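Below sits a lone chain in structure tokens, taken as the form predicted alone.
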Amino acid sequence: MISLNSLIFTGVLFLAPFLLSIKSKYRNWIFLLINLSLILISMSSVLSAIITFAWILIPYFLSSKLKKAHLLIGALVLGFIYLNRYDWIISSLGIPYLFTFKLLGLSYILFRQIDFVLNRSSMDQKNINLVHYLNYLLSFYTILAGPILKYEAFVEDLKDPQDPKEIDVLSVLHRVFNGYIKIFVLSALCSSISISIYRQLLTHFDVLSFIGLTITNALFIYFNFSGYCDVMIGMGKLSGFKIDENFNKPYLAQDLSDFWSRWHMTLTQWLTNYVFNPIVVIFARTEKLSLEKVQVIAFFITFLVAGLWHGTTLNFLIYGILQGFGVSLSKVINDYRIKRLGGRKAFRAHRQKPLVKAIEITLTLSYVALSFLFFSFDVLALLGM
């Protein structure tokens, strides 16, 4: 059953292009009014509103005064762990929760805050103001599940939207319609099947049903997430926003690194800039490890962080470990194969052979699909653990 909030959101989604697709000095304020209205509708109490806006506003004002931005980033991460209720961390430390609600879009707001705080000093100061900042953090096109935006690119779209006459409206609406088909037909069907299989497996485990669960769950996650991105990227374009693509045929990836260059691409880029690269720099300074070993360590930590960011339960910790291990192992194996085949050119040619490609895609997709089970189900219970 569709909720009232979902109906309101859908209505705003289709009304917004008429309000935002024009170049106007009021565009920024109209967008802010829409974003604030939607975020306020999602709040359950005055306390939730106070905490939400404190969380949003404090970094904006502090970031202009602190010389060491990393202290603020550390505080944001710790606050994120508490506000997002990572129970297995908070409870182990004996810290009590002072409230029960969660902040809408907190995970994506955190990434935008970090981007803003770390890059504020190098930005064009004319582009920095509170209205731009609030729209950047609260943009209803991307607050729920991305794609992840960069502040300056967002502000440019806000100030100078694409001319509606240059947009192929029918093509964009076709993409949006396909996105809704993915969400409400394909992903809903796969979800229904996977839930039914999971319930059967809880009473009687068999391998074929487990394989069916793995396949249908992986299809559900892809159709649901990519469909959402299709809708938001398409409707955002009609409103003058160029929202980055997030998918590029990820289930045709030939290893885990290749997969993450195709899946949730804006997340991968963000992790590369703000987690992977800093880790490489830190470990490289020791001069005790080769660059290859440093990269393997950095890959593991980066994708462990990615897993933990996706969710608050131990399931996501396991998912992060699996992704970190998988990407690191892919790096080690590919480096070995490059040396054995005599260089990257020969390695790339070898991977284009139909049989090699088919084997690599199958192995990669199988590993990804198995790890995705931790997104949707209590796999440990399923395995009797």
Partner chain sequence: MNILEQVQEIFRDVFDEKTLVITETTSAKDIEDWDSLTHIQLVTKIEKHFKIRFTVSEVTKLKQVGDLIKLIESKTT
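In this text, all values refer to a predicted model and were calculated from it rather than measured experimentally. Residue numbers count along the first chain shown, from 1.
There is also a form predicted together with its partner chain; it is not shown, and the following applies to it.
Partner contact region in the model of the complex: 266-274, out of 101-109, 187-195, 266-274, 83-91, criterion any non-hydrogen atom within 4.5 Å of its partner chain. Screening Asn129, Ser122, Ser171, Asn248 for any heavy atom within 4.5 Å of its partner chain in the model of the complex leaves a single hit, Ser122.
In summary, among the residues Leu71, Leu78, Ile95, Leu291, the only one with a non-hydrogen atom within 4.5 Å of its partner chain in the model of the complex is Leu291. The putative spot formed by Pro278, Gln295 and Lys331 is fully lined by its partner chain in the model of the complex; each residue has a non-hydrogen atom within 4.5 angstroms of it. Although the partner is absent here, Ala284 lies within 4.5 Å of its partner chain in the model of the complex, judged by heavy atoms.
A residue is said to contact a partner when one of its heavy atoms sits within 4.5 Å of a partner heavy atom; Glu152 meets this definition for its partner chain in the model of the complex. Its partner chain in the model of the complex comes within 4.5 Å of no heavy atom belonging to Lys353.
For the chain shown alone, Lys339 is not a contact residue for its partner chain in the model of the complex, no non-hydrogen atom being within 4.5 angstroms.
Along 331-348, residues Lys331, Arg344, Arg348 each place a heavy atom within 4.5 Å of its partner chain in the model of the complex.
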